[in-house]
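So this first bit is one chain, no partners, the form predicted alone, shown in structure tokens.
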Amino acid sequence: MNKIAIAIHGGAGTILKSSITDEQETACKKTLQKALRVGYAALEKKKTAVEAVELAIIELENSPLFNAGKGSVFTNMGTHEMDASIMEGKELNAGTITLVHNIKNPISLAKLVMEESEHVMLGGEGAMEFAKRMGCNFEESSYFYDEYRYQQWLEAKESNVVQLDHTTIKNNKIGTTGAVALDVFGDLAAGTSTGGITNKKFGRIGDSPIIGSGTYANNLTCAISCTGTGEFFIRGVVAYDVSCLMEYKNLSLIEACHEVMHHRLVKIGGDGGLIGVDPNGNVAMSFNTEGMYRAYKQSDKSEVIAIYKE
């Protein structure tokens, strides 16, 4: 069988061993492991990289631990606005959605945009109408309520600031989710899903639904999913930048990810992380923060699940 590989992430930031209880760490790792194994099992069954990415991210969206789907943060108006994107590397097809609400699994809606519409990005009420026509699963607003997220929002609203997932040590909830995969057919795919940032205003959109910034896949080079301060990832076109360095400067996946995360992004003040996989099944998990919730599994190696800088 040809090589297969999958990697997932659940956000990057100020993640210190001293700030997380043993119970929280166990819960995080268990959820990451479940998502990883669901995605890898799909690849073993010769499902496509796109299918594996969707299935893995669904598991993360269904967990209240993660800032995506069920665990999405509160906006300034006390609502939830979710973004997601997915891209396949063979034909460079992609689908993204932004500013949607009450959608149980935004990554599945993004996949439907890619496969069932002639568009790449749908937003707001138009995306919601498309979701209804496609028969997507909707949930009541109460499904997305999480007491920790609510208290986090009240604190941020009182101080009139927006808050990223890991800007404070006491913030033990986890961030933006993503997955990348290589299937048995040699095709790559990447996907990202998020609830944005706490107390966000004015319909703010980050990098997660932006192809080339938060998500990118190309069979010639790599599949990338990003997490971090979205404004900087947009300005740096981070996901595509990794691919460009591989295609035009012949850097390896590891080299390209390191250059982008530790030099190019840092120069403009950005922080965060990314995961990547190349056509040979090599995996990169690069971040310039204290930690990143991450996991990967390859054909010839056991699974790896990690949180802190090592």
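Numbers follow the displayed sequence, beginning with 1. A quick note: this is a predicted structure, and the numbers were derived from the prediction, not measured.
Form predicted in complex with a further copy of the same chain: not shown, discussed below.
Comment: 248-256 is the region of 280-288, 54-62, 29-37, 248-256 lying near a further copy of the same chain in the model of the complex, near meaning a non-hydrogen atom within 4.5 Å.
Among D146, D187, E155, E231, the residue placing a heavy atom within 4.5 Å of a further copy of the same chain in the model of the complex is E231.
Remark: R204 counts among the residues lining a further copy of the same chain in the model of the complex, judged by a heavy atom distance of 4.5 Å or less. The shortest heavy atom separation between E140 and a further copy of the same chain in the model of the complex exceeds 4.5 Å.
Using a 4.5 angstroms threshold between heavy atoms, M87 counts as touching a further copy of the same chain in the model of the complex. Not displayed here, a further copy of the same chain is kept clear of E115 by more than 4.5 Å at the level of heavy atoms in the model of the complex.
Taken together, the three residues N93, Y240 and I268 all come within 4.5 Å of a further copy of the same chain in the model of the complex, as judged by their closest heavy atom. Along 203-218, these residues reach a heavy atom to within 4.5 Å of a further copy of the same chain in the model of the complex: G203, R204, I205, I210, I211, G212, S213, Y216.
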